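A single chain comes next, written as structure tokens; it is the form predicted on its own.
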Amino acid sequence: MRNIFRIMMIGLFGIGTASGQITKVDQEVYGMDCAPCAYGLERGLKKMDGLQEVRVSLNDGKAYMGLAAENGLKLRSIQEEVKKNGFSAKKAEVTLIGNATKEDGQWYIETANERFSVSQDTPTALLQKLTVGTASISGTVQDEEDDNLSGQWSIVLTKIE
């Protein structure tokens, strides 16, 4: 009986620490210069599982996305879809819920699928507010080369909730 209880507790604890997800992405898109291009990108993004809202703005050069609750979508997948439609994905403003950890003086935020390294360019006041455990944060993910989408990102935090 004790073993069953221990297994249940480990399972519940593991689920709580491993979960996390991106909830919002405002993705800069380079190379989008006509309305049909923006429409095509919007259609491509809308086909992705996990996106609840998608709006692509030609004027802003951005794709604005709200992600569904309990989604498993990765920033890498979104950027790959942008690339597949003939554009380059530049920096992205993201909001996410993840597990904050600190290793050798470096902060990380992990979702169920990706790891975000907190940039040293994050304001000191925000770094001081960060604590180990579940965190809801917003920030700007630095641009990566289209051919090097690693799934490990550097993020400059702009808000901790």
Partner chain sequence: MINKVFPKISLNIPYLKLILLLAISGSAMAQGHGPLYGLQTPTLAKGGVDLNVAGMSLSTETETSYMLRYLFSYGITEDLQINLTTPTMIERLGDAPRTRGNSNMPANGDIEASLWYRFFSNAFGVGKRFESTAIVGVSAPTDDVRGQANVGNSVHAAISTGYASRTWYGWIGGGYQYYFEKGGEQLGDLPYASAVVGYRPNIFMGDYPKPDWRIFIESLAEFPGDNKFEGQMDFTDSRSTKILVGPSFLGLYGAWGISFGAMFPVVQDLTLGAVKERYRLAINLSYWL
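Positions refer to the first chain, counted from 1. None of the values given here were measured: they were computed from a predicted structure.
Omitted here: the form predicted together with its partner chain. The next part is about that form.
Q: Which of 109-117, 66-74, 52-60, 129-137 has heavy atoms within 4.5 Å of its partner chain in the model of the complex?
A: Stretch with heavy atoms near the partner: 52-60.
Q: Whether Q21, V25 and L96 jointly form a contact site for its partner chain in the model of the complex is the question; each needs a heavy atom within 4.5 Å.
A: The answer is no: none of the three residues contacts the partner (heavy atom, 4.5 Å cut-off).
Q: How about L45 - does it come within 4.5 Å of its partner chain in the model of the complex, if we only consider non-hydrogen atoms?
A: L45: no, not in contact with its partner chain in the model of the complex.
Q: Mark A125 yes when one of its heavy atoms lies within 4.5 Å of a heavy atom of its partner chain in the model of the complex, and no otherwise.
A: Outside the cut-off, so no.
Q: If you check in the model of the complex, is E103 within 4.5 Å of its partner chain, heavy atoms only?
A: No, no contact at 4.5 Å.
Q: Could you tell me if K91 has a non-hydrogen atom within 4.5 Å of its partner chain in the model of the complex?
A: Although its partner chain is absent here, K91 would stay clear of it in the model of the complex, with no heavy atoms inside 4.5 Å.
Q: Taking heavy atoms and a 4.5 Å limit, what residues of 82-100 are near its partner chain in the model of the complex?
A: Contacts from 82-100: K83, K84, N85, G86, S88, K90.
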